[in-house]
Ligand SMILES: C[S@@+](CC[C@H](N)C(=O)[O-])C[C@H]1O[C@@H](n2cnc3c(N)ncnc32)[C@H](O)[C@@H]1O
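Shown next as structure tokens: one chain only, the form predicted alone.
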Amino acid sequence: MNAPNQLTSPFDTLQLERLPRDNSHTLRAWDAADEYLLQYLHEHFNETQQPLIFNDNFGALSLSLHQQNPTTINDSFVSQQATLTNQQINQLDTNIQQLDSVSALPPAPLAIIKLPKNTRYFEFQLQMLNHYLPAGTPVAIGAMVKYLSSNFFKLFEQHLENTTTTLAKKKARLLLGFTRGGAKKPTLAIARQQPETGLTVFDTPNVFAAGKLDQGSRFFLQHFPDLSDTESAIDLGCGNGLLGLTALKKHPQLHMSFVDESCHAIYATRCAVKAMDVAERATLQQNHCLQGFEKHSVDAVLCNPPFHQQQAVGIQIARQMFRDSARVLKPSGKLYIIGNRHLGYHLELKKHFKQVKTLASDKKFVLWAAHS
């Protein structure tokens, strides 16, 4: 029997870890869809060099195929770091090229996709394949059956030719097809007005809450903290940048750092910063939480944290955000955090801050201020 973190495939046996490391969960760094894809690729594309691999969360696919010199395309900074970490763990001397999710695609004889969380991003990736790769390029998509909604199937059949699906195996399924080619380059960012703030924000295919104002941010905006005495702040997990942009509009003395692990989020925020003409008061960074930020360096952190990592639900990312905020804030600084009431963030916050105060609440959300 394999060890809990040991992936055995026809290509290799690897030790793989999830990032961020969290002893409170038992999830593996791969699933049955990864295993199914690797078996299929070994049977049909064993010698294929330099394939494209999309959405490889922790390196299971790209590291298993390392001898084929793949190019990986990922929107997630954490996933990129996980691939590098697992490459080091397995002491692989390999040249895996990592591209972000907004770059042009290089030529490739094969595209491999791990199904993303949302249909907008899935369609964007299929459109990118049809723009950059010639018609007839094979595409293999791996997914857990529970995430395969009818909308994913519709997009799969709309954008690919000669589509087929495999039988389910260990609750996973493969979707197989070929590129149509000849498609125009898909639009990456679409501007829209946010009536609640009077701001222009931008939607990208993989940004959180594209096309709408999520309820947590709405509640935060309704009870926005006074930052009149604040010189520097961070919009942590910024998404399209709405909270930080609102702070910049309200407070002309403020400098805002926008941080998100999603490349699409940072791209959307950069578009909004340019439209608002506040580039001199803004810094943008794709990052895992506040990795690399100096201790006691900022006055305030604004945060609407995620409660999931890809399809896995949990608060491990939020925990890291709380720890990092406590380290980065000045002694007089404050973390302003919005969360669903049932998540009980105040219990985690009290592990890192001396004072945790409820600023506003309703039946669903709570806005806290935490400080030392």
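Given the structure is predicted, the values throughout are model-derived calculations rather than measurements. Quick note: we count residues from 1 along the sequence shown, nothing fancier.
Keep in mind the form predicted in complex with the ligand is missing from the figure; the text below concerns it.
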Checklist entry - If contact means any heavy atom within 4.5 Å, which of 197-205, 236-244, 104-112, 89-97 contacts the ligand in the predicted complex? => result 236-244
Checklist entry - Are 217, 288 and 321 jointly within 4.5 Å of the ligand in the predicted complex, each by at least one heavy atom? => result yes
Next on the checklist: How about residue 333 - does it come within 4.5 Å of the ligand in the predicted complex, if we only consider non-hydrogen atoms?
Outcome noted: no
Next on the checklist: Given that the ligand is not shown alongside this chain, does residue 261 nevertheless sit within 4.5 Å of it in the predicted complex, heavy atom to heavy atom?
Outcome noted: yes
Item to check | 4.5 Å heavy atom contact, residue 78 to the ligand in the predicted complex | outcome: yes
Checklist entry - With the partner left out of view, is residue 51 within 4.5 angstroms of the ligand in the predicted complex by any non-hydrogen atom? => result no
Checklist entry - Of the residues 38, 29, 328, 317, which one places a heavy atom within 4.5 Å of the ligand in the predicted complex? => result 317
